[in-house]
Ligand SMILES: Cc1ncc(C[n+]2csc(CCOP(=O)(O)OP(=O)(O)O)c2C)c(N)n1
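Only one chain is given next, in structure tokens, and it is the form predicted alone.
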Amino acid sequence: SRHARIKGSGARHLVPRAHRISGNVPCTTMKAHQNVDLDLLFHKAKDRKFVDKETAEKDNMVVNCLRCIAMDCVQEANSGHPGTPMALAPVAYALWARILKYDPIDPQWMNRDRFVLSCGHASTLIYGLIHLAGVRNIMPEQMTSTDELSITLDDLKKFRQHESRCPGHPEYRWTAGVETTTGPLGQGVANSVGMAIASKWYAATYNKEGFEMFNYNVYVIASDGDLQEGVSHEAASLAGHLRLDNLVWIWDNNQITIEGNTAWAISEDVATRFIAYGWNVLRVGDANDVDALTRALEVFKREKQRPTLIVVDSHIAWGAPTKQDTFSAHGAPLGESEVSATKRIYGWPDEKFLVPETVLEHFRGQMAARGGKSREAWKELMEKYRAQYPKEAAQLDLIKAGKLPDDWAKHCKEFAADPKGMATRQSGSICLNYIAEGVPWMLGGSADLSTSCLTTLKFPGADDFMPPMTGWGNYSGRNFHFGIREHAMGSICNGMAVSGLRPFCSTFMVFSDYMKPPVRLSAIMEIPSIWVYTHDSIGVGEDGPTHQPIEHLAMLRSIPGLHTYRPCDANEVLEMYKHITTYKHEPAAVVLSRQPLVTLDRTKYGSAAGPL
């Protein structure tokens, strides 16, 4: 192994050989840790407090309840993925019960921690958590919680059935408690970068002295498959570059995929790759060690410079007498006899969908003691904030409600008729700035093509989103530099959109192929992401056929739920942007030209707003 483990009180921390520390000799590559006792740094005394046997037994009951719900759901549906939820139940319990700042009574609380199950095929895990935690349902349009449970026991029994609140993969806006749609591997981890960006942006924009309104963290469970997908590489690279210390990915290192052992397809040193990205990398060697998992998560919370990857070694279908550590447990029911035998190993009654009252009391009590109290304190602080900063508080109200400022279009101006005209990418730049100046939470960027797509926001105060320590910008900046990472760019924008912001991103139209998955998912999730594509025709001939979009317009128009616009002149661009800005649940693809187009005389041709 190219890593050395720093032994603490249970959690094991990976560092490359070059970073090993021997005795009290400082390491030049780890200056922040010089002359510091590593055990005290990683494991404060309060983290090692004694837990009595009764509490430990109740912890174990919740974990085993989650495991059995997963087995029962998949067996009842005769379809699904039982192995991963069985392995990760202790991980999910440690996070939700001991760490997550989340109040199930109000799953739309703006400063809640976000949890993303990126390996969406393990959906019974999050459904079990939502049920046991007592997460309330949401009225979709009012965005307010109700007294109704998001997921009832009957919903669990209808897993993977038509119209069930427990579909095969978690779906945003369908099941309260699900922060983003995950199914295509890699999308959840990339969405989480957008969520972490949103947290940083909210904090930099709305926090004031004495008023820390935003400080939430983003927690992700990721599979081997998630980290093999290229989009996760792009997203991890950018997260490290932006120093998103409020983001943690928990990697389920079970070494199993559908085809068998991961060694068939991958042999790279994943942990070292993340160190190269600028991440903090920790390791917990046993997924069943709830205390070690808790300590590792506490280490993450104390990290103030880097995102964190926690490598968790697990056994798929843990406890199943003949299916543990086998690929057959990944995507198929275990079978009635195997389920019964596994429950005996857990010491659990052989009863389907059993949820003891003790489990609910223990789990919900911990959630209320931390998340419930935090939300109540936040509400009190918000009232004081509202009195002192009414403008900012009013903006936050609008963001949560998905509404616009009354005067959002005040900067918009029509274009005079002009036979020479201008390219719609140029008029698009002007109009995008008109709109964004009136909507303070509209923000975005390009995949290294802002000077060609002309999507830079130029009005005073727009700034660049960058770590303040760089001196190149700050976390309240509204111009993003995504680098040449089209796929991650789209997924990150979706993460910002589910966080209440109005993101846009841009590239050449021919490269829309590189980012189709997040565009498609924005339509499935019904979120108002704005996709700006310029250089829309074969008129980019000097670059040759690789850069000439031919089939791309048809591809975009074929995506259900995606509104695709190709305006004919500057005033149609203006009306288009005014129209799509009002969308609450629809994404839009904006297709713009490189060539000048005549600005039509509207006294002859009628208003540009007409077709809309």
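The shown structure was predicted, so the numbers you read here are calculated from the model rather than taken from an experiment. Don't overthink the numbering: it's just position in the shown sequence, from 1.
Just so it is clear, the following notes concern the form predicted together with the named molecule, a form of the same protein that is not shown.
- Within 4.5 Å of the named molecule in the model of the complex, a heavy atom is found for not a single one of 103, 177 and 217.
- Interface residue among 502, 306, 330, 200, judged by heavy atoms within 4.5 Å of the named molecule in the model of the complex: 330.
- Put simply, of 234, 536, 113, 229 only one has a heavy atom within 4.5 Å of the named molecule in the model of the complex, and it is 229.
- A residue is said to contact a partner when one of its heavy atoms sits within 4.5 Å of a partner heavy atom; residue 84 meets this definition for the named molecule in the model of the complex.
- Taking non-hydrogen atoms only, residue 252 approaches the named molecule to within 4.5 angstroms in the model of the complex.
- Remark: residue 478 does not count among the residues lining the named molecule in the model of the complex, judged by a heavy atom distance of 4.5 Å or less.
- In the model of the complex, none of the heavy atoms of residue 248 sits within 4.5 Å of a heavy atom of the named molecule.
- Exactly one of the stretches 178-186, 372-380, 209-217, 525-533 approaches the named molecule in the model of the complex with heavy atoms within 4.5 Å, and it is 178-186.
- Taking the named molecule as positioned in the model of the complex, the residues of 209-225 that bring a heavy atom within 4.5 Å of it are, in sequence order, 223, 224, 225.
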